[in-house]
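Quick setup: one chain, the form predicted on its own, written in structure tokens, and binding and motion questions come after.
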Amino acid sequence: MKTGFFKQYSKQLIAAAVILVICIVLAILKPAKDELMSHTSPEMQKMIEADESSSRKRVTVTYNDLFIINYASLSTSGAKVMSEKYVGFVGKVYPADEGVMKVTGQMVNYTYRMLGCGENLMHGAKLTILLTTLTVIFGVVLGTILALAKISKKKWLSGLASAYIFFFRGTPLLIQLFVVYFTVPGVCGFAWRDIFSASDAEAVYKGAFTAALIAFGLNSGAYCAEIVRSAIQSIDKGQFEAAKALGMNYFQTMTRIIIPQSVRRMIPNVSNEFIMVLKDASLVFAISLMDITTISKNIMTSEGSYLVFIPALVIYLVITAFFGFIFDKIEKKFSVYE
């Protein structure tokens, strides 16, 4: 089986190995931070040395490391304002105050910040991926419950599930997010940040993330319910009858026979739901969560550079391509036609 796997994906594995080796070589050749700092002007170095023995800092240093390339930006405050920028790549240090290297340095800085490097899970791409993954897991579980309720012979249960699905599919996700984040706390008299410790510096962001997860999960559950329902109803009715003939009750029939077969049919649609939630996650900018979109917008506002949206697009594309590849392999492995 292992031999078959390597034979089937030999080209992809070789390409991945080559890319990994190239990245490792580039990372080894990348200049160290000290080397970048050593290229600063003598005047800047004197100010840095003076800062080390003074409580008042006049030099602001920004250092970004993206594994194969790094970037250092130094700026001074006070009577004499200075600014120096450097990019380190393939064993060399390049001034990045103008031209192509300036744009390269900006791209490294923007990408570093949007990926949330050096920060907790409540920042950048990590927040986007975490929110999407938890949302779809929550959505699939809730969707399965709703789907079973909707196809139930109990009319009140079926009607309740249908009303839920109609409501969440018929109203905008952004409005649902506003209701969960603003309206519910306003009516119930609490704040989302109060869920966490008052001494937690990230309480506001964690509270906003919790609200976003609830709103996204409830919305995803409605869509996943239709995915699960259609998959269950696509199973031949003869299997229900065969299970009944074997003495199985409804719960045993669903958990042992119907749902395991339905899972294969759900995978393509769940994959699409995951990609849709991944892109919809950009809506959390409305409640100031620091995802890729919010960070890129903040960078654009503070630095006035519209170039920031280029790495934002690339990051979204890479994340989408990665998870699309994963789901494609899962779909092929569990294909109903195999």
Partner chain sequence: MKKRFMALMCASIATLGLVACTSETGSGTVPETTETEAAETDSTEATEAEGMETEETDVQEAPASAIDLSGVTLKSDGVLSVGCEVGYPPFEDFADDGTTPIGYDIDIITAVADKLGLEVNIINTAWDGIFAGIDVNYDVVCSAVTITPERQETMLFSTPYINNYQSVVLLADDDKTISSFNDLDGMTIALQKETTSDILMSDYKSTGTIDIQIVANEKVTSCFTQLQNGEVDAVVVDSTVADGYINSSDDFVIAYKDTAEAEQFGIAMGKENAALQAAINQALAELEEEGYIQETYDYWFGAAAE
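Positions refer to the first chain, counted from 1. What you see is a predicted model, and the numbers here were worked out from it, not measured in a lab. Basically, rigid core = biggest C-alpha set you can superpose within 1.5 Å across the two forms.
A second form of this protein, the form predicted in complex with the partner chain, is not displayed here; the remarks below concern that form.
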Checklist entry - Though the partner chain is not shown, can you say which of K33, K46, K279, K297 has a heavy atom within 4.5 Å of it in the predicted bound form? => result K297
Checklist outcome for this item: Among Y110, Y71, F216, W192, just one has a heavy atom within 4.5 Å of the partner chain in the predicted bound form, namely W192
Checklist entry - So which of 155 to 163, 178 to 186, 91 to 99, 224 to 232 is the stretch with heavy atoms within 4.5 Å of the partner chain in the predicted bound form? => result 178 to 186
Checklist entry - Hey, in the predicted bound form, does R58 get a heavy atom within 4.5 angstroms of the partner chain? => result yes
Item to check | Proximity of F309 to the partner chain in the predicted bound form, heavy atoms at 4.5 Å | outcome: yes
Next on the checklist: Just checking whether S41 would be counted as a contact of the partner chain in the predicted bound form - the rule being heavy atoms within 4.5 angstroms.
Outcome noted: no
Next on the checklist: Can you tell me whether Y205 touches the partner chain? I mean in the predicted bound form, with a 4.5 angstroms heavy atom cut-off.
Outcome noted: yes
Checklist entry - Would you say S296 moves between the shown form and the other one, meaning its CA shifts by 2 Å or more once the core is fitted? => result yes
Next on the checklist: Core superposed first: is there a CA shift of 2 Å or greater at K30 between the shown form and the other one?
Outcome noted: no
Next on the checklist: Please state whether F309 has a C-alpha shift of 2 Å or more between the shown form and the other one, with the rigid core used for the fit.
Outcome noted: yes
